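Shown here is one chain on its own, the form predicted alone, set out as structure tokens.
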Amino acid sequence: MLDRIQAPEFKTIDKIVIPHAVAGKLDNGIPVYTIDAGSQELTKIEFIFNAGMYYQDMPLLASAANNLLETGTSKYTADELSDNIDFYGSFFECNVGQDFSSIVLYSLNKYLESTIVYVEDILKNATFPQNEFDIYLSNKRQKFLVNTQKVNVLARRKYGELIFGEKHPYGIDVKLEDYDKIKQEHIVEFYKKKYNSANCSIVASGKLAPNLISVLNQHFGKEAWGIANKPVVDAGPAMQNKQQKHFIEKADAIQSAIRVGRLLFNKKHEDYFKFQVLNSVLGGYFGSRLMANIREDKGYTYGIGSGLSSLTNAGYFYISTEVGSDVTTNTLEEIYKEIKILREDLIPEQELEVVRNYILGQFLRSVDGPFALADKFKAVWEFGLDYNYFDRYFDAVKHVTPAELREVANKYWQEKDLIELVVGKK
């Protein structure tokens, strides 16, 4: 009999065995990575391209090209594409980030051959109709104007520019005049250069059909498609702004947006794992020191957090929050105080153990299901890493010491190295 009065024994996570993606290729050389797992007859297929904002020649180009892919092809209108995919209970989405763009198809296995023909047409024959482009641009411009009244949006835009430099691809801040510069022909040119078989990788996950590779070969692997042009961009090093403190006044703001951080490294760096543990203590989860101080104790904000964002060609650390304008200065003082404590004092072993268990527990949650496993694979594949990365991550989290974390804090969190940005009122 199960004794429901007695709590189960607490167990630490010693190791997680992750099912690995299986690498293969289509006949024309497109890399295909498959993760065959799960119990539902459902497949997710991601077509990934080096076509993120890092590769664009002008602002708005990468996002516009990706978002407008499904607005029409040489065979189908936007409505026809949507209706035909919906008819089979499938789902299609476009995504774009700093480094990569993707189009994703979710389909029941029995309808995969019926739905993938529309993805093929989108990838090979998108037309970007002028009327769809005009509507998209008008909506984006209006949203831009609305967002310029929001302190958190202004802070996010400006922070990237301060961290990377205003001319670096990661730091370019979209301006209102950029909406007048971009034209439909720019989108078409970007699509032709970036969305092609030479620049494509495929990740398939789910309970995969036995004929999946055959289906992919039939539609995408018979021959090269698009203009064979795999983009190589060397934007040079990111150049963090040398001025430490920045303030953008919004006289009518009720809240002020705060960003504190610096240019740093991505997950390929030797200190990445230790820094992630240290960041969790500071502001990486709900029980962090910043939350305990600034939200729970002081009541200055609903939420505050910190993180290390890892991009293919760089990385950056940030602390982010929105607070009442009357407590902006007090909040900044408390942020720097918490960082100073971590530079000077050892983290108590009990607190560190809580953070270790949190990190490992979150990792366990993040590999639940085939689609999550695909995301974990992409998290290392995008950086040219392998699954050994996760073993090293586990080892670092479990064995890092308070003294090592204090050393990392002193190495990367000196106040003179941090950029401070406030948008609102001080």
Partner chain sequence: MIHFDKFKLANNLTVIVHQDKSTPMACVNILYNVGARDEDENKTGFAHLFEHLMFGGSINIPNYDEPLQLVGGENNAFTTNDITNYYCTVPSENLETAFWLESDRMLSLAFSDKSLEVQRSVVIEEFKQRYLNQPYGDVWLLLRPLVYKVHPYKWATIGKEISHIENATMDDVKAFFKKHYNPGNAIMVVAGDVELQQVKQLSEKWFAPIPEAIKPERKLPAEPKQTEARSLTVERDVPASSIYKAFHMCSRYDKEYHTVDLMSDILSRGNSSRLYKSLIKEKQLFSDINAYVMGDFDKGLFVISGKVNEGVSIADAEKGIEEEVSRLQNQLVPEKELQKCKNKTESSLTFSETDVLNKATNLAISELLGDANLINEEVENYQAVTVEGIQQQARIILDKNNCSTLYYMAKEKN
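Residue numbers count along the first chain shown, from 1. No experiment lies behind these values; they were computed from the predicted model shown.
Below, we turn to the form predicted together with its partner chain, even though it does not appear here.
Chemist: Check each of Q142, T329, S214, Q243 and return the one that places a heavy atom within 4.5 angstroms of its partner chain in the predicted bound form.
Modeler: Looking at Q142, T329, S214, Q243 one by one, just Q142 meets the 4.5 Å heavy-atom criterion.
Chemist: Could you tell me which one of L290, L342, I172, V323 places a heavy atom within 4.5 Å of its partner chain in the predicted bound form?
Modeler: Exactly one residue meets the criterion: V323.
Chemist: Is it true that K75, Y387 and Y393 each have at least one non-hydrogen atom within 4.5 Å of its partner chain in the predicted bound form?
Modeler: Checked in the predicted bound form: no contact with its partner chain for any of the three.
Chemist: Check K267 for me: does it contact its partner chain in the predicted bound form (non-hydrogen atoms, 4.5 angstroms)?
Modeler: Taking the distances in the predicted bound form, the answer for K267 is no, it never comes within 4.5 Å of its partner chain.
Chemist: Do E93 and its partner chain come within 4.5 Å of each other in the predicted bound form, heavy atoms counted?
Modeler: No, E93 is distant from the partner.
Chemist: Is F247 close to its partner chain in the predicted bound form, meaning a heavy atom pair under 4.5 Å apart or at it?
Modeler: No, F247 is distant from the partner.
Chemist: Check whether N357 has any heavy atom within 4.5 Å of a heavy atom of its partner chain in the predicted bound form, and answer yes or no.
Modeler: Yes, N357 sits close enough to its partner chain in the predicted bound form that at least one of its heavy atoms falls within 4.5 Å.
Chemist: Among 297 to 305, 333 to 341, 179 to 187, 216 to 224, mark the stretch whose residues have heavy atoms within 4.5 Å of its partner chain in the predicted bound form.
Modeler: Result for this chain: 297 to 305.
Chemist: Suppose contact means any heavy atom within 4.5 Å; which members of 132 to 169 contact its partner chain in the predicted bound form?
Modeler: The stretch touches the partner through E132, I135, S138, N139, R141, Q142, L145, V146, Q149, K150, V151.
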